[in-house]
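First comes one chain, alone, set out as structure tokens in the form predicted on its own.
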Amino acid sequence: MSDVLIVGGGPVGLAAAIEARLAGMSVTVAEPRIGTIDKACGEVLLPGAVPMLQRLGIEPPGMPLRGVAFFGGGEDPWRVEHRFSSGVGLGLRRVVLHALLTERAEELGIVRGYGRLQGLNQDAHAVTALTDLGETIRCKWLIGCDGLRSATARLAGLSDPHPPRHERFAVRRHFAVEPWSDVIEVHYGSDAEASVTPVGHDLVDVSVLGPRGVAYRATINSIPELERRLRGAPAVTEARGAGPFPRRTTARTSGRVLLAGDASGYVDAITSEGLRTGFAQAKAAIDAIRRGRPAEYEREWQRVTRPYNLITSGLVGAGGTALRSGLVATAAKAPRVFGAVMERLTR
């Protein structure tokens, strides 16, 4: 019988487990994947995420990221850049981040199992979780941090049954090339966007975001500046995909079951905001459990997630890549407004 069962052992799940352990709770993590977990993502820690990890006892390494820049091509090329005023972000491989979180969890005595959630029941006092390994785990509280296809959300009746009108996907590869910038770059192509993050002294993460079937190399080749930078640079990792997104939930709590991270709802990766928001959600969930008031988590989730959802939904919901590019180009004419929006996201 654990105080808290965390379903999903990715970065947000491990952060929630560490938060619970530091609060004096007994914790079990259920995660079907063995070892260090990779994921197709932008591999960005925005400035607001770094102190969150430090508070958990983790000092993340990485390449300093001092801002974010958006680029548009075509007949009238443009660029808009914002330099962070609230600190420095970091670019680091997802496997490095996961290894650091795993090591910290083990230091704190957090128990990790390898089952996949297949069923759950709850009463007024506890939750009973069933795994595909035949295990029965009894816990006072359960937090689902099991990603876009969250079994927790589905089994708790929190998944939104209505599919999104437009689905997007991400494909990521790493290239062996010296980073040419200390900012996160987002390049708009004709049908998709490409984001570039320095993650090592001779390594960059290049992620392409677009509709189903998005062509990775064709997207890069359609962006002259990016094609020139990567010309001749060897790809050192295989293509890894993620999606579809967005994912929606009808609520974030159901009795003693809570959702955090991508499992609680996810819009898009274009703003590189997922980890910072997920870590804030993990802390809010544990704070609500510690007080025995899970309903408070719903309000706090809305507070920490709403700015990201509004800004990202606005960019993605604009229609097509060309229109989203036009919105950012328009923002370039109002740099103070653009800077305030970006700064709000990073914190």
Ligand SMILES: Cc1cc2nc3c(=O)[nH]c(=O)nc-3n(C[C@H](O)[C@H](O)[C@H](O)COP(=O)(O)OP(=O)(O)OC[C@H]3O[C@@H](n4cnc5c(N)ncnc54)[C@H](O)[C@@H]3O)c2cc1C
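Numbering starts at 1 and runs along the sequence shown. Keep in mind that this is a model prediction, so the values were computed, not measured.
The following text describes the form predicted together with the ligand, which does not appear among the structures shown.
Between 185 to 193, 109 to 117, 229 to 237, 251 to 259, the stretch whose residues reach within 4.5 angstroms of the ligand in the model of the complex through a non-hydrogen atom is 109 to 117. The single contact residue among 96, 215, 88, 151, judged by any heavy atom lying within 4.5 Å of the ligand in the model of the complex, is 151. Distance criterion of 4.5 Å from any heavy atom to the ligand in the model of the complex singles out 33 from the list 33, 55, 303, 291. Looking at residue 280, you'd find every heavy atom of it more than 4.5 angstroms from the ligand in the model of the complex. Although the partner is absent here, residue 219 is not a contact residue: none of its heavy atoms lies within 4.5 angstroms of the ligand in the model of the complex. For residue 145, a non-hydrogen atom is located within 4.5 Å of the ligand in the model of the complex, even though that partner is not displayed. Contact check for residue 284: no non-hydrogen atom falls within 4.5 Å of the ligand in the model of the complex.
Contacts between stretch 4 to 32 and the ligand, counted in the model of the complex as any heavy atom lying within 4.5 Å, involve 7, 8, 9, 10, 11, 12, 13, 30, 31, 32, listed in sequence order.
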